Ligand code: AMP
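The chain below stands alone and is given in structure tokens; this is the form predicted on its own.
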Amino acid sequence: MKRRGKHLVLLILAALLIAGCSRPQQQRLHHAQLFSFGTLVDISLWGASPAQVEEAERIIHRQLQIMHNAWHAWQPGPLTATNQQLRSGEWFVCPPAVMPLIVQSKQLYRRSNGLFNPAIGQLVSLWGFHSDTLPQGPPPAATAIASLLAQNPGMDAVSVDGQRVRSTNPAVQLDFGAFAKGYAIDRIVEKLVDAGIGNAIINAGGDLRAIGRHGDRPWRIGIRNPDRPGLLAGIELAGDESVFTSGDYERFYEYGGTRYHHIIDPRTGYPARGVRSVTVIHDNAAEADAAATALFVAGPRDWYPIARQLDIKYAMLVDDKGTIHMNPAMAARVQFETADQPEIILSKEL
């Protein structure tokens, strides 16, 4: 009797352990990493079943590979083929993987007064950023920059007629580096939702979109400090939101004591000055990505009207003196992680 009772207790304990393990399996955080778009992509899923986790990893890996190959700015693929044909000035059928980015880029180009301009690929290449390794020597000659700038490459020179496109400006070379990451994240999130996943973060090198919650609390993310290692601030996300940051620390090289970063001002042909980083919150990752670049180029003086034109409700700039510029709605959400409170300049409501 005692032996049977002991066995029964052991069976009950085993059943409880199995139940206790299976429930957290549904509720615990699953984390994975992939490398794409030149950066580590972090995937966080909450409350997903093992089958959903496996499906999510398959979706994300496949989509990132497809999009990375399609939109690479200098390795052979649909985008480089598109750029070759754009130089001809003739109409051609655009690759399906590239067309949606052209259409949305033209809209964002107009709304940003041309500060978001994927047509300046030749300038980006001239600065040495169309390479897997960063430049080592001096910056491009001023005459070469001026020559390209005089040709005024812009998205308004790219015409769309159904599935056909052409460019009336041979200086146009498309580079979706300031936009493709956000567009890719949007497409991935759509597919995850279709697969029944409701709580996730897709984080590509600090740029992310979050859906749902982290269990019984919101997702909380950190914003990198542009001046030193560590975080500048933290933000809790409300449901489906994207957070994108453009910074002069992402891709840069130094020569003669000057930092040359990859965010080129299409008005000057040189890396944009006056800003260290820009963070934007938006419900669309592609628009957040483009807006962060446009506001970085606009700088502390002109960011506010561009943010309004892009329908941005939350924006924060860190200028080259460390001063924070942001709108009141953003200020209400940001929790600074630094020892000293930074100087803050609040704009009017967006």
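Note that this is a predicted model, so its numbers are computed, not measured. All residue numbers refer to positions in the sequence shown, first residue = 1.
There is another form of this protein, the form predicted in complex with the named molecule, and it is not shown here; the text below is about that form.
Undergrad: Does the named molecule come within 4.5 Å of a heavy atom in each of D175, T293 and V297 in the predicted bound form?
TA: Every residue of the candidate spot has a heavy atom within 4.5 Å of the named molecule in the predicted bound form.
Undergrad: Using a 4.5 Å cut on heavy atoms, which of L101, V124, I211, I235 is close to the named molecule in the predicted bound form?
TA: Of the candidates L101, V124, I211, I235, V124 is the one lying within 4.5 Å of the named molecule in the predicted bound form.
Undergrad: What is the one choice in A200, C94, I120, A184 with a heavy atom within 4.5 Å of the named molecule in the predicted bound form?
TA: Result of the distance check: I120.
Undergrad: According to a 4.5 angstroms non-hydrogen atom cut-off, is E241 in contact with the named molecule in the predicted bound form?
TA: Judged by the heavy-atom cut-off of 4.5 Å, E241 is well away from the named molecule in the predicted bound form.
Undergrad: Mark I221 yes when one of its heavy atoms lies within 4.5 Å of a heavy atom of the named molecule in the predicted bound form, and no otherwise.
TA: Residue-level check for I221: no, no contact with the named molecule.
Undergrad: Does any heavy atom of W71 come within 4.5 Å of a heavy atom of the named molecule in the predicted bound form?
TA: No.
Undergrad: Would you classify L115 as touching the named molecule in the predicted bound form, given a 4.5 Å non-hydrogen atom cut-off?
TA: Yes, L115 sits close enough to the named molecule in the predicted bound form that at least one of its heavy atoms falls within 4.5 Å.
Undergrad: So which of 257 to 265, 156 to 164, 142 to 150, 191 to 199 is the stretch with heavy atoms within 4.5 Å of the named molecule in the predicted bound form?
TA: Correct option: 257 to 265.
Undergrad: Looking at the named molecule in the predicted bound form, which residues in 223 to 248 have at least one heavy atom within 4.5 Å of it?
TA: The stretch touches the partner through S246 alone.
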